[in-house]
Every structure is written in structure tokens, then in C-alpha cells.
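Have a look below at one chain only, the form predicted on its own, in C-alpha cells format.
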Amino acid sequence: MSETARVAILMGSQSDWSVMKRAADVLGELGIACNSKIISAHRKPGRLADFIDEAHGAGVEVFIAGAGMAAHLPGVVASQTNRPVLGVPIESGSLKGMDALLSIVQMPPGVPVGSLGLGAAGAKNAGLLAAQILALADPELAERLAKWRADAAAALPEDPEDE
């Protein structure tokens, strides 16, 4: 665990990294340190509990958890922390991610998970939402985030081009 990581990005398997990397990328662009770990809620529950305990001690302020299929990882993380948990449903299996989306959205009262959209766009938005949460108490980060958003808006062309 990095001592300076403010965000922990968790995923259930290696195959989830191609999606969850989008959250890590945007956090890196904004200068926010993060840790990324593969920890299955079903296959490694002990490792998950240990990681969350370590993350609390190391100063992690926001958790981003991505999972497909039953997608229990975000909810299990939320059950073990009072810090914000952002859930990213990952497309997989025969239901194409709808099962993951519904699992993350339908948390029981008292165990909130901020649910994002499916896949890469959801992961990128999870990184941005984590930055917005952190920026509430970090004016320098708030400035970097405002610049990032202004740059992204300025990069949007006004007129379509032929491909």
C-alpha cells in the first residue's frame, strides 16, 4: 500500500483492469495518487478485509470498486468502510453487465455505493467523481480539476470532420 494513495481502485479479476485503468488514468492526469488491486469479494474475502484496514491506516479517502456479474465487490467494500465507495459495473457474462449494474445500484439501506455507468465511461467518471470528492477539501486539486474540465471542453470540435 502506497503511503500517499488517496484513492484505492479495486477489481475482482485481471480482466477488469482494461476497464478500471480508465479511473487510474484520469486520477493520474489530475495528480492524485492511487493504488490498484485485484481482490475478489468471493474468492479472497480475507484479503479484502485486510486491504481495507490497511487502506484506512494509509490515508485512502475514496474507494472505487469495479466488478462484473454478481458484482458484490463494491457493496462488500462499502460494508467495511465509512468512506465513499464508487461502484463501476463491468460488462461480462451473458447479461452484458446488466446484472452487475443492478447489483451495484440495489444496495440495502445503510450501505451506500455511488453507482456509475457500465464499463470504461463509468470507470473514467468514477475517477472524476473521486477527484471531485477530494477537491471539496483540497483547493489546489479543485483548480487542477477545473482546468482539466476546461481543457476537455476546449478539445471538443465545433464542426464535424469526415473520417
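Sequential numbering from 1, following the sequence displayed. Treat the numbers as computed from the prediction; the structure is a model and nothing was measured.
Although not depicted, the form predicted together with a small molecule is the subject of the following passage.
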message: Considering non-hydrogen atoms and a 4.5 Å limit, which listed residue (A120, A135, A58, M69) is close to the small molecule in the predicted complex?
response: M69
- prompt: Within 4.5 Å of the small molecule in the predicted complex, heavy atoms considered, which of R47, R43, K37, K96?
  reply: R43
- prompt: Though only this chain appears here, would S79 touch the small molecule in the predicted complex if you measure heavy atom gaps against 4.5 Å?
  reply: no
message: Please determine whether S18 contacts the small molecule in the predicted complex, using a 4.5 Å cut-off between heavy atoms.
response: no
- request: Report the stretch among 151-159, 21-29, 137-145, 6-14 that approaches the small molecule in the predicted complex to within 4.5 Å, counting heavy atoms only.
  value: 6-14
